Structure formats: C-alpha cells, structure tokens
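We begin with a single chain expressed as structure tokens, specifically the form predicted on its own.
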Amino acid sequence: MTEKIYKVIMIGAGPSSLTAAVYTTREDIDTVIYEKATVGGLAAITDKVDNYPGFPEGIEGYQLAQQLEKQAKRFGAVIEYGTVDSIRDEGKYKVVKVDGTEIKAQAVLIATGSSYGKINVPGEEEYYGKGVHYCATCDGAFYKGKRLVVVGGGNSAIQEAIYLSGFASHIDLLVRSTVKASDVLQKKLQKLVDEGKITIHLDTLTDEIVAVEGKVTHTKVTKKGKSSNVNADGVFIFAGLKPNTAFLNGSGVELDDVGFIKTDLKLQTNIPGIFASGDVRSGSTMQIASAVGEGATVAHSIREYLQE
C-alpha cells in the first residue's frame, strides 16, 4: 500500500488552525487537523465571548467553536482526535507522531494554544466560566458594579486588576507573598488603592472558591494562619499562561524563554515547513480575533512554501 502523505498537518483545533484550514482547503490543499481534547480550544470552554467582531450581543464560546468547525469541514478539512507525541524534520517531509503512529506531511502548523495557570483549589475547575475567569478583557465587562477578587501579584495580575477596576465596584487583590509587578504598574495600583477601589491582601493564600446555587459568593483565604472569607461576585485568576509545547522537546523548534514558539513575520519557525500561529506563538496577543487573523496569514505562508 502507498503511504499516505498529507500536504498539511495542523496540530490543535482552535480558532487559529480552523481558520487556516478554511483557507488551505478552499485551495484544494489536503489538510488534516489533530486535536487531543476539545475542538475550539479555550474559546469552546468560555461561557460567552463578548469581544469578537460581528457579534454585537456576544456569542457563547461553544457556539462560536461549532461554527468555525462546520466552516472548516465544509471546505474539506479533516479533524481527527489524537495526541501528538513529537515532530521530526526530515527535510522534504515532516514526521508527526500521533498516539504512537508516524504520519508524514509536507508542512506542519502548530496551533496548540496555551493553558491558563491554575491555583488548583476547590471550586476553580467547577465554576470556570461561571464566576471563575482567566481573561479580564474577555469577561470583565460582565461585572459592572460588582465586587471582584483578583488572585496574583505579578505584572499580568496587576495590569488586569487595574483594567477590571473600570468595571467593578471594588476589587480585593489576593497576593500569595508580595506584589512583584513593575514600578509603573505599582504606582497605578497604589493610586487605585488610595481611591478605595482596590484592597491589597499580602501573604494571603486562596484556599477555596465558594458558590451558592451555582453562583460565586466568596473565597476562603488564609493569612498568617488565620482563615477568613472575602466576598466576591467573580474571581479572576492570573497565575500566568503555560504554552502547550511540551511535545516539541527534541524537535529542534526554537522556543522563547517561557516556552512559546518563535516565528518570523510569515509565522514560520526556524525549521522550514513548520509554522506556528495563535496563542502558542511568542508575541501573541492571546485574543480570538488575533488568532483568527494569524490563521489566515499562516495559510498564505504555507501555500507559498508548498509552491516553492
């Protein structure tokens, strides 16, 4: 039997790769997408997407993911479930190992996204998208006039707390040790503290996120051995983002200091024929709209590579 060799293998079925697949398959470029979990990625498990262009009333994340999937399939994209274990460059072909089976392609797109850093406390997983969030720009507007808890003390946590202060009536900032943000952000934070909009709780551990009848009401915390409750209508956790790139160990694909994939302006990695787009790419803005844009861009770059 003749070995099946794809034109393009895409890893991860999030908004970026689904968009790229629309473009490649419309041009009759044989494309298969491998997804290990949920088609749509983080977008699919987001309760509501309120800042995606074209939906003035917002759209449920799962519904948006379904529409992207249907569109990609309509043009001929094949979506398979499987875990990619590794990638190997063999020059003309790239070898992708999926659940132990090696599959060849002329080009590969890595669009595996990233995972939110977790604090791993009771209630965090259960109420994700229903009172527990990891993206202020995505979900902050739902909490106008509400009381919020923000967990974290780094640059991202402080920056997002400052952003959320424009919506919330009050924010309690829970910091495990000390605030480690830049001086500029700390000055902005202090101004909001002086105005009574934010209260900082240093040396404070978040123990549990509590809800009543499915609605978040407060967090249980410990400070200097003493337990207490902090009331909140919602909890935003900023413990960083972890790129899903562990499978690239030994592949030769160049990563930045945090583990995100480095690319050039055409979204190609240091290995010709291997591309990256979306949240897994170094420098990404971590927004669905930009991931979709990168999907269109990388599809054109893949086409040019295949033609060459």
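Just so you know, these numbers come straight off a predicted model, no measurement behind them. Counting begins at 1, following the sequence as shown.
As for the form predicted together with a further copy of the same chain, it is not shown, yet the points below apply to it.
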In the model of the complex, does each residue in the set D99, Q186 and F260 place a non-hydrogen atom within 4.5 angstroms of a further copy of the same chain? no
Heavy atoms within 4.5 Å of a further copy of the same chain in the model of the complex: does G58 have any? yes
Does D50 reach a further copy of the same chain in the model of the complex, with heavy atoms at most 4.5 Å apart? yes
Could you tell me if E27 has a non-hydrogen atom within 4.5 Å of a further copy of the same chain in the model of the complex? yes
Is V280 close enough to a further copy of the same chain in the model of the complex to count, meaning some heavy atom within 4.5 Å? no
Only one of 74 to 82, 225 to 233, 109 to 117, 172 to 180 gets a heavy atom within 4.5 Å of a further copy of the same chain in the model of the complex; which is it? 74 to 82
Only one of V95, A141, V193, L202 has a non-hydrogen atom within 4.5 angstroms of a further copy of the same chain in the model of the complex; which is it? A141
Between 282 to 303 and a further copy of the same chain in the model of the complex, list the residues on our side with a heavy atom within 4.5 Å. T285, Q287, A289, S290, V292, G293, A296, T297, H300, R303
